[in-house]
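As structure tokens, one chain now follows by itself in the form predicted alone.
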């Protein structure tokens, strides 16, 4: 094998596939990345696989001699990321399983393993395909992923529930304390799909998909295929495969109240900035911020009282309807949701100090963010 490519191309694509390489592999070869040089197509394909999540990506290169081998992912990335910009030559003598990496400033040798022992990514022979618009997929991931649980004990809640039909795509994620639901493309026939489906995809896999789309967004649509327990996303020379999460996802639509007795509308940037300032003190007291929502004064007052540390108060104008209300929230939950919005104004809707509240962007993405309030002892 012998190929020449740029340092930036190799570094970028190694960074993507290395995230699918396990830190504690069940088999030594899984700590490696599979590198395939295709002389006919003049491309280099990289694969990382932990037997659950697989990432495969490729880029153009000058391939003099084709071949394949596996190399230690972390070590190779550490070396390549520190090399100067410009062309690199990677060469392996036949049957040697050792790569020599040459750049303008020096030469490195890295011992690999036989590529024949590397497991193949699962192949899905699905008769039914769905082509999801890239823009809709990116918007849905951005607006939902942050709300998935990070507690592995909650299993199915660590994923994002994806519902696809010809009318649109819906993303939902919840950790039991909040729920983010995003609906993208609500035009009949906007999604090319052979069948309706709803699956729960691990959050980790979708985080990697989001990163891959940022690096190489590809064309207008991404092909999605799935069968029992597996799902793949494929687009221009990129592929991500993941197991699906088992178990019944909660009926999250039932969590959203049908009507509200109070609501508040305010400027998103002002509200977010005020929360960020007061969060400095809230961090000293379980991240809890009190809201005093006043119809009379048409304002919202945010306050924190952290004994032995200090207190803080912020007031900002708001359009308020319904009775006055005192309610408290985990400020981190609110900020994480608000940072996914891109609209000028936001709306919050409430019933009581102990029932679910809804935050929505006004005039932008169709997103519903449900947050449970925190009960504060007087």
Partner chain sequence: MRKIIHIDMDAFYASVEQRDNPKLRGKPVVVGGRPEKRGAVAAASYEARRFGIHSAMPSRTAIQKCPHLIFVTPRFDVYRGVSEQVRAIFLQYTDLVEPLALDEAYLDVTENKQGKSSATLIAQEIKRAIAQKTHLTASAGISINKFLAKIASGMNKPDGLTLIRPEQAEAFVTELPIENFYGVGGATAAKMHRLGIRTGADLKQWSEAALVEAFGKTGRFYYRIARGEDDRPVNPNRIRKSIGVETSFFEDLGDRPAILAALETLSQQLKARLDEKHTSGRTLTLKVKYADYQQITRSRTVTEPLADREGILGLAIELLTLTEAGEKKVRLLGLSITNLEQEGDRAQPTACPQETYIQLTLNFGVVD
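Predicted, not measured: the structure shown is a model, and the values here were computed from it. Numbering follows the first chain given and starts at 1.
One more form of this protein should be noted, the form predicted together with its partner chain, which is absent from this view; the next part is about it.
Stretch in contact, per heavy atom within 4.5 angstroms of its partner chain in the predicted complex, of 254-262, 205-213, 228-236, 294-302
That would be stretch 254-262.
Taking 177, 290 and 376 as a possible spot, do all three reach its partner chain in the predicted complex with a heavy atom inside 4.5 Å?
Affirmative, all three are within 4.5 Å.
Its partner chain: the contacting residue among 151, 96, 192, 117 in the predicted complex [heavy atom, 4.5 Å]
In short, 151.
Under a 4.5 angstroms heavy atom criterion, identify the one residue in 122, 133, 168, 250 near its partner chain in the predicted complex.
If I apply the 4.5 Å criterion carefully, the residue I get is 250.
Looking at the partner-bound form in the predicted complex, is residue 330 within 4.5 Å of its partner chain by any heavy atom?
Heavy-atom contact with its partner chain at 4.5 Å: present for residue 330.
Heavy atoms within 4.5 Å of its partner chain in the predicted complex: does residue 10 have any?
No, residue 10 stays farther than 4.5 Å from its partner chain in the predicted complex.
Residue contact check: residue 370 to its partner chain in the predicted complex, 4.5 Å heavy atom:
Within the cut-off, so yes.
Report whether the minimum heavy atom distance between residue 282 and its partner chain in the predicted complex is within 4.5 Å.
Outside the cut-off, so no.
Go through 16-45 residue by residue and record those having a heavy atom within 4.5 Å of its partner chain in the predicted complex; state none if no residue qualifies.
Going through 16-45 in order - heavy atoms within 4.5 Å of its partner chain in the predicted complex - there is one hit, 24.
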